[in-house]
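Heads up, what comes next is one protein chain in two forms, each shown on its own as structure tokens, labelled structure 1 and structure 2.
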Structure 1
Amino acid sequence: MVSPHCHFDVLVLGGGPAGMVSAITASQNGLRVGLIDEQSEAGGQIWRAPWASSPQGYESPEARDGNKMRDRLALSSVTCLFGRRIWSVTDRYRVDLLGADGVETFQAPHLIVALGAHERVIPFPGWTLPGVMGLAAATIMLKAHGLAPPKDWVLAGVGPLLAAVAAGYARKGHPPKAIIDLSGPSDWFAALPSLASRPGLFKQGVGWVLSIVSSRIPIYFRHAIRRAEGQDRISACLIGPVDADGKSIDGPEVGIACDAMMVGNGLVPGGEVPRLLGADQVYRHELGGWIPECDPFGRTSLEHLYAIGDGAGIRGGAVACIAGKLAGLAAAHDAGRIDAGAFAHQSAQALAEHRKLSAFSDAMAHMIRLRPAQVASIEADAVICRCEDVTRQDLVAAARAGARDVNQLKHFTRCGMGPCQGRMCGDVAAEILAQEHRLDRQAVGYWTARPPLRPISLQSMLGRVDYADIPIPKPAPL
């Protein structure tokens, strides 16, 4: 157990690509760094480490890159605080954690937030059935555990992760029964020029396509899930055509028997910590939603608070690494460890590389963006907030009863008040509210962030308590 009195110059929240690179960069420039992550190893979703008990885990290029970075981290002076759940962050950058040894608290004058993103699922009737899971879960099964899905499974959603998951499982001999892609061939062709600017990724993408084609996986372009069917678990799904904006249109529907479905419609930035601390926010549709306002080095509106990686806008792993380097350098400069000349010299190449990668990251972000027309097509009985069992028609009724921002919507319906604190439902719920009042997303706002940031039990906070441990004051004199 690391002593809570251990002094750090900077704490880094999140051990994905952005967090790892920022921690290493800051430590190389003279800062005492603590890197905090809930997982047992660094890597995040992109560089997720295979479990030691899963030797058959899929060895992807990302896993190899992650192993190299984990080796660099192990050789650095960074103090790694793994297996800790962050449940509160307060002024002066005090971070409260819950780990195997109970509650811990650390504090530092600089805080780098690199907590990544969470997946977006556009709800449909039946998406809460057992057997329906997100693409993030699919990648964890594939990368970390090497687990195979059931025999008859389908893959649905949008973006390059569809191809990556399909190809990964196809190489393991477990291809999906069908791929339901919201995009059309023209969307993929439009992205080719930007993809060609990244030869390594282009080659990887070609490999995905060859795996899918050789496995003869049917692909339903410009289609989306209409509903999932089943009693105790999913047994079939109904799909239908959509237009270029994702809106359901007339056309033949197709039923597919399946016992599992993996679905994902892009990513939403995980910006709870900057919001909790009061950093200025801006809604950027093309970057996934609400993000903290930052300069090129990740500096937010709050002094010595930096936000980087997908939590500051969906840009992908390569850009996250560069953002990590820039934030690490900025923290070292702001702490007085490197002078202005050294800071400018060391950051110049990273800034140039960031500009170079922007075309590709923008193209991928555009492909996985939220499509308002798809949200408008959600059926009335579809559950939006699965924690509190709130449907679309419940949200519409609340809007018509006077709810005009998302926090009023929460008060009216309890949407966003469950264990996920609105991470899974917030983006779609806000879009429904904005459409109902014909407002832009900036006008309906965002959930008020509050601790605990992640679900924790009172027992884990209090530890083992006996009545004998409770101090009982002496009786007051008569």
Structure 2
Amino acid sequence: MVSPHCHFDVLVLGGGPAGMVSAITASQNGLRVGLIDEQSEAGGQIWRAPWASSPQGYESPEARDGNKMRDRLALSSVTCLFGRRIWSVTDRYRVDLLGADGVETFQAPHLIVALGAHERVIPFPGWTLPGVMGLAAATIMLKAHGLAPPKDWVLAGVGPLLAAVAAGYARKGHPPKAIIDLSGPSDWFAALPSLASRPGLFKQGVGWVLSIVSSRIPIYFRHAIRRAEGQDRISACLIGPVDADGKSIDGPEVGIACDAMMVGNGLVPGGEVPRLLGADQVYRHELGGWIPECDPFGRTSLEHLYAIGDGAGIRGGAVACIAGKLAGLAAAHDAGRIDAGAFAHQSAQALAEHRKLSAFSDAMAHMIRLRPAQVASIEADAVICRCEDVTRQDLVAAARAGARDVNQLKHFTRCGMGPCQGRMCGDVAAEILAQEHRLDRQAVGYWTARPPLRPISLQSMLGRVDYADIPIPKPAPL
């Protein structure tokens, strides 16, 4: 079953900054590396390869960094296994993929997991309407595909991505009709000192502010979407004030006609693979949610399993690169390719940089943290689980019927049982359950991870088989 032609010392899952850097570092230190990603090119979300324009023609700093790293990857001896969906990861590290040619299997004694994060959107009635999209989706349209929302669009949510998307589209002449920012100016000011530690980003941030100001986009600070309306598509939304914790408060509500909305409330680490393998997990509110317990090199509780990047805690692209370097070195060391002295020497600088960057990444993670009070304000009829149309009131009823952990909640309601496998609803559903029982998040747990990591068609798993070829175990006793 295991692909006979490839012998890898380490497999890296995920071709974003963390994964790319770890792959390059490991290969520079003598390991045979396979780098796996579903996209056809490396880059991940932040360095997503510009697709619409020719690569040289794109101007953003992220695109430049991404192109630089893609060039380094191309020059390295890393084997790139792109365009393949990872659907199963099992012991001692066997990875099953689905690519254009069907199912494939690779195996390596070391596994570095760098599968990133997904977006958190705090639900409101109507957020399931077509035309309502995630902030991350907006950045993808902007960076990779050169696509802008229709003229009357609103931008809502929290954090630096809000400013980046607003400015990005404003510069292209497609500013949002309004920005609805959960945080207030004081929250932004509070983050300023930590920004000073990253002059490049500081400059970028100032640029965003200037673009936003000069396009005169109305900004509603300390506001959130109360509901979206429309038939087969969003046609309007209602916004209202919130307090410093994100809780809806009394005050004038404003209706805005719009035919698209981009909304996002931060990121949730995608820790499914370490969880599937049984690595120890911990809930860290300030890092976005449940993450594998790791040492500074990304080593999890399982031997030779490393978790890095946003999937191991939301820290952003710059930290992800350093984490990649550290994990790459650790893998080389743990595999006996570099000795303890060289390992200590080479990692010292990266560890120092990591510490230097943490003020900034902590401040950003703080801005996009989950606000429990905002979750408490979600309306009873808001759909929480989009796949199965499970509402807040359904979850509350299940909690009252005795569901005390998230997997029980799933059994009682089907919340999280649909094809997104609970990624869209998990964080909020767990928070609702915890609040209902006045428990902490650690106590209500996380979804049990299950394969396939993403839905795959049965057809694609079949291959060419004859009935007689299906290996059938011995029948059960009569």
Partner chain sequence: MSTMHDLIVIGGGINGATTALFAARGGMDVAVIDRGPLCREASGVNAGTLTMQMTRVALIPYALRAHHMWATAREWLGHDVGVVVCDGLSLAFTEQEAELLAFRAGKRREAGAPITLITGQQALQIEPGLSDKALLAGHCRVDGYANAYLTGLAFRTALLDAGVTLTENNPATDILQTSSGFEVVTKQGPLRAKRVVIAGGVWIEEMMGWLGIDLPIKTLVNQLAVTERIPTAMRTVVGIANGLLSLKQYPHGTVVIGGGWQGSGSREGGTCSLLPERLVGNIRLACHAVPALKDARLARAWTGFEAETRDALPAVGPVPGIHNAYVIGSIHSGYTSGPYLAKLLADQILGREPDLPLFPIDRLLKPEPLAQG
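Quick note, the numbers are simply positions in structure 1, starting from 1. Bear in mind the structure is a predicted one, so any value in this text is a computation, not a measurement. Note that the rigid core is defined as the largest set of C-alphas that superpose within 1.5 Å between two forms.
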{"property": "Chain form predicted together with the partner chain: structure number out of two", "result": "2"}
{"property": "CA of Leu458, rigid core aligned, shift of 2 Å or more between structure 1 and structure 2", "result": "no"}
{"property": "Ile472 CA shift between structure 1 and structure 2 in angstrom, with the core used for superposition", "result": "12.4"}
